[in-house]
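Here's a solo chain for you in structure tokens, the form predicted on its own.
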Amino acid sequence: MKIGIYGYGNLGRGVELAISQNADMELVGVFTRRAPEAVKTATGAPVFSATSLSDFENKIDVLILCGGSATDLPKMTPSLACEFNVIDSFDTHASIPAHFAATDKAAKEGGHIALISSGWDPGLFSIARLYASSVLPQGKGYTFWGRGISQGHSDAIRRIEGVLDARQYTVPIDEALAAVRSGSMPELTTREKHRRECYVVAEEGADLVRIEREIKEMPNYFADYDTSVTFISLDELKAKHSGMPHGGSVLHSGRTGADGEHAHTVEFALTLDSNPEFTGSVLVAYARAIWRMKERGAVGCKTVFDVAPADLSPLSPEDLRAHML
């Protein structure tokens, strides 16, 4: 498969490294809105201007979009789905239905396939929620994230006027996690499950009160959480917050039996040393899947719920049955 990468930040680099580990893939190039000569790739992959993308319409099987969910992907994904088979990691959960509808329309008009909201959440965690709730319908599901840096939330802070750089940590509240694992199926509000810690580097002379207010009042990102904002220097950010760890758990408690006498708990957990590299690896696997689906005639927008597990693997059906089943 011939793969293109659109956008080259932490996620784009993670996708590039993941492609290098898959023998059935070739990276055609990285496409950037920056000056191509200013972008140095991790594997020496060629870099092209985003304006030249149309020249590669028949040279790329799947274009992996590595923009931010706050402002990039809502416009980028539908626009490019008209010309390419595309995949993104759109992670604003509340806006997924609208993003799906816009992308589905564009992909169908162009005769292409698109997959949105791939990664680990949404993505792998979404599948875990579906499996658990299907197997234990008389139950309750919970998702906890962190402690770790959210790329999407950090990007949303960086888009605020006067912000030079930022890192946002999502932190699960221990008491809530313990209550869920006990099997008591507690009712928890969004605020009771997580808090958000923001470390922000502001431009000199920026209005810190305004920046903090805009962060804490941002819908879909911070408004529903107890959020702390700490302003630090760029040197401190680089020294203490340069890593990209993350992770979390999907838990589902349910009961079976004539009178619900048997309790069960399903837990799917991830501990990630590099959020962008792991997310990039998920995107690459799903790029393989949607190309296989496209070769069978599929068009329009898809999600991870529409992808058969076998399409993710480079192994043949025979090898999967012999070694994975």
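In this text the structure is predicted, and so the values were computed from the model without any measurement. Heads up: residue numbers just count along the shown sequence, starting at 1.
As for the form predicted in complex with another copy of the chain, it is not shown, yet the points below apply to it.
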- Message: Please identify the residue among 261, 295, 55, 37 with any heavy atom within 4.5 Å of another copy of the chain in the predicted complex.
- Response: 261
- With another copy of the chain left out of view, choose which of 136, 163, 177, 82 has a non-hydrogen atom within 4.5 angstroms of it in the predicted complex. 136
- Look up in the predicted complex whether residue 281 has a non-hydrogen atom within 4.5 angstroms of another copy of the chain, and give yes or no. yes
- Distance check, residue 255 to another copy of the chain in the predicted complex, heavy atom within 4.5 Å: yes
- Message: in the predicted complex, does residue 41 come within 4.5 Å of another copy of the chain, counting heavy atoms only?
- Response: no
- Message: Taking another copy of the chain as it sits in the predicted complex, is residue 127 in contact with it (heavy atom to heavy atom, 4.5 Å or less)?
- Response: yes
- Query: With the partner removed from view, which of 215 to 223, 73 to 81, 153 to 161, 136 to 144 is the stretch that lies within 4.5 Å of another copy of the chain in the predicted complex, judged by heavy atom distances?
  - Reply: 136 to 144
- Taking 268, 271 and 321 as a possible spot, do all three reach another copy of the chain in the predicted complex with a heavy atom inside 4.5 Å? yes
- Scan 88 to 121 and note down the residues that get a heavy atom within 4.5 Å of another copy of the chain in the predicted complex; none is a fine answer too. 93, 96, 97, 100, 117, 121
